[in-house]
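Shown next as structure tokens: one chain only, the form predicted alone.
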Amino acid sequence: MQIILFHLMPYADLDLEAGRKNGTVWVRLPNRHFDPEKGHRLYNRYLDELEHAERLGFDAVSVNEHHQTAYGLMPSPIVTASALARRTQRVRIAILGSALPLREHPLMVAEEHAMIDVISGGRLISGFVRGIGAEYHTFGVNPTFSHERFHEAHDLIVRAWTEPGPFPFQGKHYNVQYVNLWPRPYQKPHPPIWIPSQGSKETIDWASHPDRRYTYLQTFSPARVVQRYLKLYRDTCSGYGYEAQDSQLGWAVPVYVANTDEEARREAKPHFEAFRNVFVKMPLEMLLPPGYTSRESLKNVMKAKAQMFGDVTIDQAVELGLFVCGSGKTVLKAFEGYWNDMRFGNLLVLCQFGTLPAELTRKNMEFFAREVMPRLKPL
């Protein structure tokens, strides 16, 4: 199993009462609540944590993209990944991912990812996403064209990475007379492509197609929901006539490890509950705007994300598998059970969440790396 440290870089100094009063920290929380001096300290602290993951033996570090939100201060994962490319030597750097339909031009994504791949000596993992519904409110982009723009942007990027240029590309949304990428990616034929998802059937059908066989990641859902979607991915692969490898499947989940179960829950409780009940929360029309996905996928995602619309205690979260928390022995046993049920080859652990401070984040990372990770990697 490959173990990846995933970091959202939230605004951990958020006034939680202001977030609760506003109803969401996405899109419409006034930016007067962001203090640039505190942001300066947080950015550098978070980069230190990601760099520390290499020393602890994680296989990869992961960053992502969100806009106009305290949930994650990474409007450009390119910037974060670029900093990591120079400050690390071994770990892979996963951008999970760049929101293709929201970018003005996919060739910029192709160039930037290729540049990071070359600087890092071929350590980039390229994740592509459509961006969650809230991002479409941020940019005023019509979500009805989300799938079209995503697929066309993907095709242009992969061709730019792999085909000798210059060549023309004509599509519905992007037309280029000269596709001639400088630099070309370090990895051949191109960096691995991973697809994080909330559970859209269309995404599963597309990512599992034999022409792609991309790694599919299920993010921040109850364990039974994750199991259902990973099984759907495997079943879809079977329908295409091949068997999915464990390496094609991944799960992202918050984790906290301490000396005992009681200590772990006590230390994590206020910070995890702030994460779930303030940072994550958004109204349905913001999460899933009309036209963003099909009616069938809309119903399925609404079921999977039902917990987002009400408060969740730490005890409920652990029971649901939304959060894995406890002593090293407890956390290891939980992950071994989940792995036996799901057989995912990539585990993305969120060791900082919500308001979790630096000292507890480091403690969590080090407990996990020492007491859990060595036993999980051989699975």
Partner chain sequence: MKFTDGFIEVDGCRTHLRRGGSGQPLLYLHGASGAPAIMPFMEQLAARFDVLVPEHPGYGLSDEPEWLENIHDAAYFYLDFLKRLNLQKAVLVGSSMGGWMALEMAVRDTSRIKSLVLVGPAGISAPGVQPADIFLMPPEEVIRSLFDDPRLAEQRLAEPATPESLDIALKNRHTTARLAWEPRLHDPFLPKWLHRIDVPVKIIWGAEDRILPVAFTKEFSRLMPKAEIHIIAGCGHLPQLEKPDAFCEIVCR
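Just so you know, these numbers come straight off a predicted model, no measurement behind them. Residue numbers count along the first chain shown, from 1.
There is another form of this protein, the form predicted together with the partner chain, and it is not shown here; the text below is about that form.
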Of 206-214, 93-101, 132-140, 241-249, the segment with heavy atoms within 4.5 Å of the partner chain in the model of the complex is residues 132-140
I'd like to know whether Lys329 contacts the partner chain in the model of the complex, with contact meaning heavy atoms within 4.5 angstroms. no
Even though the partner isn't displayed, in the model of the complex is Tyr174 close enough to the partner chain, meaning a heavy atom within 4.5 Å? no
Partner contact for Glu262 in the model of the complex: the partner chain, 4.5 angstroms, heavy atom: no
Please tell me whether any heavy atom belonging to Phe145 falls inside 4.5 Å of a heavy atom of the partner chain, as the geometry stands in the model of the complex. yes
Of Gly291, Pro270, Pro192, Gly72, the one that lies within 4.5 Å of the partner chain in the model of the complex (heavy atoms): Gly291
Option touching the partner chain, based on a heavy atom within 4.5 Å in the model of the complex, out of Met302, Met115, Ala83, Val158: Met302
